[in-house]
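First, one chain by itself: the form predicted alone, in structure tokens.
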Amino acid sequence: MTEIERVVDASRYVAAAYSILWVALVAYVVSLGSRVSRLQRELALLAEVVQRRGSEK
């Protein structure tokens, strides 16, 4: 195997590693986004419950 072939093979591995890293990062950001959305909905629901209880008194 020549030096050029080794460099090409190595660059493929580096590209694959970066691709996996980017996919994992995007999945993590999407996961965080969905968690934040769920927490916002729950917070809005709690605020509504607190407001109702405050107006009942």
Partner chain sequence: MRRNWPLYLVTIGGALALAAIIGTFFVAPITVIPDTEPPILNFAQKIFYFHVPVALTSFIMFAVTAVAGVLVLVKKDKKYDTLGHISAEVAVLYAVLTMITGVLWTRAEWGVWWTWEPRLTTYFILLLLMGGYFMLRSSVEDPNRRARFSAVYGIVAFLDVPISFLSIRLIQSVHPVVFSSKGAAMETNMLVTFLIGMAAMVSFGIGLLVIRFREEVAKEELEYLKNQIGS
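Please read all numbers here as calculations on a predicted model, not as lab measurements. Residue numbers count along the first chain shown, from 1.
From this point on, the text means the form predicted in complex with the partner chain, which you will not see here.
Requested in this report: With heavy atoms only and a cut-off of 4.5 Å, decide whether Arg53 touches the partner chain in the predicted bound form.
Outcome: Arg53 belongs to the contact set for the partner chain.
Report task. Give a yes or no for Glu3: in the predicted bound form, does one of its heavy atoms lie within 4.5 Å of a heavy atom belonging to the partner chain? Result -> Yes, Glu3 sits close enough to the partner chain in the predicted bound form that at least one of its heavy atoms falls within 4.5 Å.
Requested in this report: Would you give me the residues of 37-51 that have any heavy atom within 4.5 Å of the partner chain in the predicted bound form, in order from first to last?
Outcome: In sequence order, Leu39, Glu42, Leu43, Leu46, Val49, Val50 come within 4.5 Å of the partner.
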